[in-house]
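Coming up is one lone chain in structure tokens, specifically the form predicted on its own.
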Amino acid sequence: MSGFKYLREAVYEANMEIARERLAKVTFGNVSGIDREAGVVAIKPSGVPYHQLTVADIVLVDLDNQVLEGGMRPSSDTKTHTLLYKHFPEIGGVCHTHSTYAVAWAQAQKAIPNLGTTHADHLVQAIPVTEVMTDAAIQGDYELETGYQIIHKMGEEGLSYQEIEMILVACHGPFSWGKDPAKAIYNAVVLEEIAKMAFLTLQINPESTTIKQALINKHYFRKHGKDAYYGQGC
């Protein structure tokens, strides 16, 4: 397992971004990463404060949630992460936070509408919110059911996990993913900022509506389209 130091380091750095970006307090939140070829997932240990976390603390598990290496229990959300890796085969990192504004939208059970160009820079659609989990699911394998809530929502609405890399789990909080742990935490930062902006916009003007499609398309495709010209390229 010593060959997975690079994965542990990447996951450690992504978890530390949760603290640096103030996306969660004390021990809340977690980021994982996966080595697809080996089927090995690295994830934050459960209940460890960020200021105490070290690279060596990062736990390695397989896709069946069996611990492969590590002296502590993996995150209690591990089953959610591994299920997403199984169903979203192109992702390389998953992030869960308890960031204030995103959680507020999740607790309100409301999707975040596309109200401006910051949102449109990252995705065309509203940021979706899952259905409220049933009592049977809550009393069953809760963390696994959380993953299924996400998967079902994406499937029911025909949403692409490659295009929409963030979601709100109703009454709980945000999950995001990406090509690697760094992109997963980046998307968590973006989600929190969009959630905050949308909240403030609707406070200022409760009648605010989704911006026009032409503006959404312009901002999204200048960054993500085949003729994208934002940034410095590869």
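Quick note: we count residues from 1 along the sequence shown, nothing fancier. All of these numbers come straight from a predicted model, not from anything done at the bench.
Unshown form predicted together with another copy of the chain; subsequent notes refer to it.
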Next item on the list: Given another copy of the chain in the model of the complex, answer whether the residues Ala108, Thr117 and Lys196 all have a heavy atom inside 4.5 Å of it.
Entry: yes
Margin query: Considering non-hydrogen atoms and a 4.5 Å limit, does another copy of the chain approach Gln162 in the model of the complex?
Written below: no
Check: Heavy atoms within 4.5 Å of another copy of the chain in the model of the complex: does Pro45 have any?
Finding: yes
Margin query: If we define contact as a non-hydrogen atom of the residue within 4.5 angstroms of the partner, is Ala19 a contact of another copy of the chain in the model of the complex?
Written below: no
Check: Can any non-hydrogen atom of Asp121 be found within 4.5 angstroms of another copy of the chain in the model of the complex?
Finding: yes
Item checked: Contacts with another copy of the chain in the model of the complex - residues in 199-214 whose heavy atoms fall within 4.5 Å -> Phe199, Leu200, Thr201, Gln203, Ile204, Asn205, Ser208, Ile211, Lys212, Ala214
